[in-house]
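First structure 1, then structure 2: two forms of the same chain, each alone, as structure tokens.
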Structure 1
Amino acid sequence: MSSNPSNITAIVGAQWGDEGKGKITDFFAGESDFVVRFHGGNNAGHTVIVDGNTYKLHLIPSGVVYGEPMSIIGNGVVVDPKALLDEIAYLKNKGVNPNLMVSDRAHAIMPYHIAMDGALSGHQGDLAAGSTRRGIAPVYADKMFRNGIRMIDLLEPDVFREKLEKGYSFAKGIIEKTLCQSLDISLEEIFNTYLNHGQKLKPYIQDTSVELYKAHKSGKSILFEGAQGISLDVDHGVYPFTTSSNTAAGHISTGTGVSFRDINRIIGVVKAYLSRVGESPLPSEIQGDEADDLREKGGEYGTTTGRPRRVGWLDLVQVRQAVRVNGLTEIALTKLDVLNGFEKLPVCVAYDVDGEQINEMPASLTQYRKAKAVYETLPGWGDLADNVWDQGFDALPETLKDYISFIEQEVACPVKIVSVGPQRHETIIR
């Protein structure tokens, strides 16, 4: 393992999530000493396949299945203690004893956050963000209200009760008086159950910022694993159709307590086309036969729901923002094989808003709603040879190499990892 003190890599989504981060993370996780999540909660999902065994993870970083790396859930993550215990039990059942630390500063999702999430749906109409109803937005809101309960509090009964009384009464008021639903769990029940969860999680709860600092200083390699993607970032994404956390690499610092000065490699995962779960305008969305073809070839169906995802052509306005905001050092371009056989490949390079061309993601929802994709159409590459990954980048069809250099020029970032299939070996590193 590395002895370079600055060997810190981040992997983030450069679109709407589902870019193939799992596969790229898998590439690096096994060789890392620490694999760390810095935002979001159990609303994320990765499937990791190791030695023929499939692991479905929602909260614990994917490095956990390799045994050796230490998995860290940073303070910027919101932790459902019950879901975490279930995931630990799931892993133990599969023969994995998790090498895991959870930040003492991470906020805990309480049953009233989940109840509020359910009660909130239906109150947001056309501006609904499409919640997974796992309590993520309410727990982040409580953090900002200073009503939150942190993992460390579950180990301190007096402080836990004090904070729970404040958080519970606030949530109950909103759920019952504002959202006109009932909250069916008592404070006493939560207190007892979550103290018990806390005791079970006690061995994992640590000051992970200090642990990561020590790791960095002693030359350990650290991998930060992003969830979702830039357009779902609560600040830089298409607000309010976003997730409730910052998905951008900048959040690694505040979400783990590791200085941004120490992160030297930031990989943005870009899928060669678009898919989107949930509502919001989507300028390069396509419909009809072409969309069905793309969806079918790319397997763009919800992992848990099986619902067809919306699909579209690659949007470089979005990727341009991902490069800038994340400070990407490189792009991992995935699912190029899904574009096999398309004769022509439109790529969105700008938006047309009322006849004016804009090259950056607008903050204005009025503009974004009106935005029409401005396309450059590039020729396709037909079918790729079966073992194309074996022969290196230079052996790729010229039209595919042109597609890649077009992206690099438009967004000013090198594509260093090219993925042409779901399996680990179906990858070309430049």
Structure 2
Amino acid sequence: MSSNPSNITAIVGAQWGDEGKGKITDFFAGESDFVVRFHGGNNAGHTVIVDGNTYKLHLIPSGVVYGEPMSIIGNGVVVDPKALLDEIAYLKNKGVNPNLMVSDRAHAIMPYHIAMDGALSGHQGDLAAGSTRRGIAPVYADKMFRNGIRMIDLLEPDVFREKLEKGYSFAKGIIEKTLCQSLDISLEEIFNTYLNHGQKLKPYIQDTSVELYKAHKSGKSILFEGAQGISLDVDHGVYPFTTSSNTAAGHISTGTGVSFRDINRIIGVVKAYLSRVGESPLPSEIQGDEADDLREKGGEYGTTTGRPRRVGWLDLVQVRQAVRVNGLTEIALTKLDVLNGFEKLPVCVAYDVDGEQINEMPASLTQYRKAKAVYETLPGWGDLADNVWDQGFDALPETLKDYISFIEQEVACPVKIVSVGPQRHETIIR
């Protein structure tokens, strides 16, 4: 049976990764047979609110709360087995029995990766990205060093032992001799604990690439859920203040084994303002009472860390890059309700670097550190009606529609999805 390319949709972050992707993914998950994560690890955090119930997810795709779709953790994801078992238990306690598959090729985060993450953060000083210290960077590094341990290895004691001895001694040498920290956990303790984790996760571990291929060929619908956002992409983001994986839509192929040519809908999630957990220059950042107001109204605290997020005005230089690099077909604009009551809304349209205006994200860290936001200021829209999502796009205030049109013109991509509240139903499709 031939497949329909429109059955595959990708949702990716167009900013710093806290744009509200969880809600948008959850909104579409009810129409999907499979919901798939393709990169990152439990350093990501997605908050989904369904029927007044809040779910905080870190590894399992947001569609899991529906129950019906198959949730898949692809090979491009790095998996902390204990964190995954904890998340499965968390969902079961909330009455959700996860319909889940984990790629047998996904790499496992080991305790020495977490220890190394903390040691590296101190070593990197002002160039540190503000790590969540979940072991993400070291496990991706081990993957490239070919020292990695994959989920399938946890089911094969002899291979696991062989790989663990190499990986453990390599990490121990770096942690103790190079970074002058101590590694307190023994190889034996890791071996026994992780074999046990593997047995508990065995029912979920599959060749997910083959499962997705068969699903696509039979006409099933697949939704890909990105973690983090474009500015955290290790190649295209504000390096080195990035995550350790590729967040761009192009990584779907390598992170899942699904051909990129089969994906014809790529939705970029853009928050109507800006927030950021972690370190780096941030040209449109704001401080003081206005920032506190925005942070409190938007609930801008990290899902994974609880850290207060830095906040600022919408940066269209960043969104412009997201449209181009991801090949976005449309934008989902979120958290417009948070901007209720602001009389004026500055929007960053370019950067000023030593008197020169630049319209694209610079690779130069020197330029980015000097960049000052060039703003155009648009009028606000007061307060939105309580049930505005019921009335459709035409019922939105003219100034809000102007805000949306301005974004579309600046970044050359249509805004097709408008989110005016945290609940699933508080969404307008144009």
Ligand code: GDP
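In this text, the rigid core denotes the largest set of C-alpha atoms whose superposition between the two forms falls within 1.5 Å. Counting starts at 1 and follows the sequence of structure 1. Since this is a predicted model, take the numbers as computed values, not measurements.
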Handout entry: Of structures 1 and 2, the form predicted in complex with this ligand
Key = 1
Handout entry: C-alpha of V50 moved at least 2 Å between structure 1 and structure 2 on rigid core
Key = yes
Practice task
Establish whether a shift of 2 Å or more occurs at the C-alpha of K214 between structure 1 and structure 2, with the two forms superposed on the rigid core.
Solution key: no
Problem - Distance moved by the N93 C-alpha between structure 1 and structure 2 (core-aligned, Å) - result: 2.3
